[in-house]
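The form predicted alone is given below as one chain in structure tokens.
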């Protein structure tokens, strides 16, 4: 790919990033370009490489440090690379999630010479795949001092609003058992799929909480997301599995969330096994650094619905916010696109935050 020009306008820089395919696990070419551009165009920054992640930071002795984190990878391309501009919109894979924010971060790295906060930039790999491959986890293990900060801003798409914290997410597999029999003599068996009906009724009747934390309302949800059962068209099945997803407010710990789900399902004749767990993140709006960013962004904050890597920063004791120009509802879609004015707006907000005492 052509060398990146970090001094170009953020919309052109976004297009250049989109035009460099970087599906999860294949970020090397883009990471090479980002590293080369930072070393050449932001020489005051300390730059290091970790796999296909690129990290850079100032060391100015400021009283506070702000970490700007964005992932370089995208979901698989859906005939939407290279980028294309149509009036006020820029189309292409990653325009929303999250190369537009990466472009903002890179442009600021090259153009803000005297920030009021020390700044760390983390452009990492493999966010869109299983958590064990996430570049932030590797950085935490191998370069933990690079994640130290008073505030982390994660460039997830928020449509230009500040979204605080995130929901936790867990999944359990609920298994009902029966007795296999020929369907012509079904009275000799016990149908496990029918037994799963009790599980579905409990979930249908479940009343989720709305929880207000630091002025942000987090809505919980407990839902069946997959059912597997059946042997053949003439067999009464003896096993049925229902996968259940719990999206929980960040006032619950992982242990409390699991205990709650087990309590809800306790009266069923079924086995419940935890299969996946990621804790949520509290809003962290009490810190001066977070309040300053919210003020710079216009003062409006809402809860983050969904899980993001702010959870990793929260676990490290770092207040973390989600902020980026794209509409999250367009992420991962074939028609992924971003409003170019939102990219410009987010660049202005972050510039104001980094340069205003």
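Residue numbers count along the first chain shown, from 1. Fair warning: this is a prediction, and the values are worked out from it, not measured in the lab.
There is another form of this protein, the form predicted together with a further copy of the same chain, and it is not shown here; the text below is about that form.
Enquirer: I'd like to check something about residue 167: if you look in the predicted bound form, is any of its heavy atoms closer than or equal to 4.5 Å to a heavy atom of a further copy of the same chain?
Expert: It does: once a further copy of the same chain is placed as it appears in the predicted bound form, residue 167 has a heavy atom within 4.5 Å of it.
Enquirer: So, in the predicted bound form, is residue 80 in contact with a further copy of the same chain at a 4.5 angstroms heavy atom limit?
Expert: Output for residue 80 is no: heavy atoms all beyond 4.5 Å of a further copy of the same chain.
Enquirer: Looking at the partner-bound form in the predicted bound form, is residue 171 within 4.5 Å of a further copy of the same chain by any heavy atom?
Expert: Yes, residue 171 lies within 4.5 Å of a further copy of the same chain in the predicted bound form.
Enquirer: Quick one: is residue 298 in contact with a further copy of the same chain in the predicted bound form, heavy atoms, 4.5 Å cut-off?
Expert: Contact with a further copy of the same chain, no.
Enquirer: Of these, 284-292, 41-49, 303-311, 26-34, which stretch puts a heavy atom within 4.5 angstroms of a further copy of the same chain in the predicted bound form?
Expert: That would be stretch 303-311.
Enquirer: Can you work out whether a further copy of the same chain is within 4.5 angstroms of a heavy atom in all three of 62, 88 and 112 in the predicted bound form?
Expert: Result no, not one residue of the spot touches a further copy of the same chain.
Enquirer: State the residue from 177, 186, 253, 275 whose non-hydrogen atoms include one within 4.5 Å of a further copy of the same chain in the predicted bound form.
Expert: Only one option qualifies, and that one is 186.
Enquirer: Would you kindly say which of 75, 147, 211, 222 lies with a heavy atom within 4.5 Å of a further copy of the same chain in the predicted bound form?
Expert: Contact check passes for 222.
Enquirer: Does anything in 192-207 come within 4.5 Å of a further copy of the same chain in the predicted bound form by heavy atoms, and if so which residues, in order?
Expert: Sequence-ordered list: 193, 194, 196, 197, 200, 201, 203, 204.
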